[in-house]
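In what follows, one protein chain appears twice in different forms, each by itself as structure tokens: structure 1 and structure 2.
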Structure 1
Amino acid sequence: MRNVVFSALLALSFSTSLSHAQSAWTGADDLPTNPLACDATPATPAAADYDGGQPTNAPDRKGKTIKVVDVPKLVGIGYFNATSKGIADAAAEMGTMDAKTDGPSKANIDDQITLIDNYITSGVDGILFAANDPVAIAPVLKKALAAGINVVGYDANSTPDARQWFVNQAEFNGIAKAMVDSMAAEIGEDGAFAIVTSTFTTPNQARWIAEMQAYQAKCHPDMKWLETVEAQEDNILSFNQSNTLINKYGDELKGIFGMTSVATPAAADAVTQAGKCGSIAVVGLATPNAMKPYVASDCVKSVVLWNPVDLGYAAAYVLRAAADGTLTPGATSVSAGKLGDLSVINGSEILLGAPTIFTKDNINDFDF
């Protein structure tokens, strides 16, 4: 994560000087930021050279059935159940991929590394992963590349040279804009908010928080950040941390950002049980099914996410294309089955698309 690959290059001088003008929010990384325009003007990603890794002496896998393991941050939660379903759907559709999911029971990087290492030893053709730590996971992924294994990340990246491609669910500044605009609409331009994240080093959350800070400073400068707390993607801890924030800041707290699919419903539950619906807004990243009760009760107005089933599906197709040799450095797009052609951005990332904002009007149209 700690690489400029995640940052587009537009408006870099502005955003860099902005980040130096104020101390970083806890949980943000220290990379340059690229806040989007305050209106709906889209950004155009700048071209960048391929910066991913390459498998060493990989055998010819074109058209052949390949054995693939998916190692997400953890198993047993709705979000990664959905990405796993997408991978399984793509594998069944292709007919040339034998895919299984095997991740740690908690978002623990050491357990994730051990699992990947074991699969390198036992023998697989491809590894899909969502990193718990971008730097710590890099050596074992490089070991996989050195063994001739195709390696593709999704959801949470590694350092770019430790994998071939990364399927980015949405650009980080796009998520940041959707989140901050939604919060500002609910708590006003001078409202105070706190953040419940996974850990301060989790790559995608750290990038989102940094981009949120830059966008807030640019477009909603009077909003006030109070604190960021870690909750380890644990439901009970997320609830307790949210409850602590509610009690600690009292009437000053007007909003809570949930940065994970676990933290957001837990924060909504804490606000509900505290009788603060309507007084404390909850805006965050979560699966629609987990948030439907809180949206139905009007305690939560908006939920930001992408379709994680599509994310897993796209990752499987990217791995297949890499194994077949049809996706190579310098490509500008890749074919991803029913999703059509997906764009290559930032050198070695595949962009799934823009985030979706789920509200009372559309949330029941989704089932994941």
Structure 2
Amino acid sequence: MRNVVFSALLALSFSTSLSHAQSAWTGADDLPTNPLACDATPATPAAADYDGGQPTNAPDRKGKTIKVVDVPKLVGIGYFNATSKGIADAAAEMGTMDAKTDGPSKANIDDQITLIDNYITSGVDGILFAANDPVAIAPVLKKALAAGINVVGYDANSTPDARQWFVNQAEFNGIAKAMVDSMAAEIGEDGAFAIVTSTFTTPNQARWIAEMQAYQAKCHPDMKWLETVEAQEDNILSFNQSNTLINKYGDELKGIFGMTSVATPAAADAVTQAGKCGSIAVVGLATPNAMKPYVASDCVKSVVLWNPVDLGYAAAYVLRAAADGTLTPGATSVSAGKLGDLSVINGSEILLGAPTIFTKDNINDFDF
């Protein structure tokens, strides 16, 4: 018994000394950031050469019906249901694409790789993917390119040379600007905020946090960054973590960022149940359906997200264009059905557009 008390004390003192040694951890990655201008000046896209890969000896698929598999990070969450619906919509519209979605039941790099490997063997014409890890997925995607399969990513990128094109839902710095500006508008320039994310190893979330940090330092320097907590993709854990943040910081905490479509509604629920609606703002990435009750009760003012149905839809059109040979390296735009022309950025990425900010006025127009 003395041992456990001793080790508990030891562990605590060890950990507190650790925490004094470093500043608040943020969950950001260490890649370079590129914050946007503080006003609404759009970023000038830097011209870049095409850096994607090309399939080897791909057969002529122009106009022919192609078999496509969509492998998202995981199946069974609302977000990827929506992208999958967009792909199915586009396929139905084109009539020359036979698309199906199959993904791992956990966001696990190995399961995703195995699945893609199986589909290469089964002989598909095209692969759409959202990577759990940009580097880990690269070898199997290169194998697909080498087998003459058209490869297009969406939502979460791989290393550029492992796929032909990547449909970028919104640039990281664009999301960061939308999030931080929304938060600043709600809690003021000197408010303090905390972040609930999935895990620190999730590439997109780490990237957004890094860009948010850079943008906040540049444009809202007086806002106070309290800390970032992990909550997996678990809504009860997200709820408990948000509550702990509320309890820990008391009145100091003015806002919570939810970095995933799981964390944001859970954080909103924590604020609602704590009776702090109006005094703690919740801003986050989330799908509108899950957020409707909190937006309706005025507890959440703004939800940031692109339209994932459009994202899947655009990805399907880009794949079709790549297979037809109408989208080739050096192109500056691609036609994506009802979305019109989308522009090519960063060499081999296609930009869906600026993120949408859902508010009470428009959230009921969306159903995903």
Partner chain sequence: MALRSLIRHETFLALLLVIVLFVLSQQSDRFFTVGNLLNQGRLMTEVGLIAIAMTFVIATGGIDLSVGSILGLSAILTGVFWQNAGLPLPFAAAGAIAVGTLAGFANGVIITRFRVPPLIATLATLALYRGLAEGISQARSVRGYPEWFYLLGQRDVLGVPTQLWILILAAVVASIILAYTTWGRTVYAVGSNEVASRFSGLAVEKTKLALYTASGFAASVAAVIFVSRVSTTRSDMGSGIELDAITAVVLGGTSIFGGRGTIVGTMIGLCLIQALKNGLSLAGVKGDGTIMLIGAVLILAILASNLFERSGTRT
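Structure 1's sequence is the ruler for residue numbers, which start at 1. Treat the numbers as computed from the prediction; the structure is a model and nothing was measured. By rigid core we mean the largest C-alpha set that fits within 1.5 Å across both forms.
**Student:** Two forms of the same chain appear here; which of them is the form predicted alone?
**Tutor:** Structure 1, not 2.
**Student:** Given a superposition on the rigid core, I'd like a yes or no on whether residue 255 shifts its C-alpha by 2 Å or more between the two structures.
**Tutor:** Yes, the C-alpha moves 2 Å or more.
**Student:** With both forms fitted on the core, check whether the Cα of residue 118 differs by 2 Å or more between the two structures.
**Tutor:** False for residue 118: its C-alpha shift is below 2 Å.
**Student:** Is the C-alpha displacement of residue 161 equal to or greater than 2 Å between the two structures once the rigid core has been superposed?
**Tutor:** Stays below the 2 Å threshold, so no.
**Student:** Can you read me the CA shift for residue 246 between the two structures, rigid core superposed, in Å?
**Tutor:** A shift of 3.7 Å.
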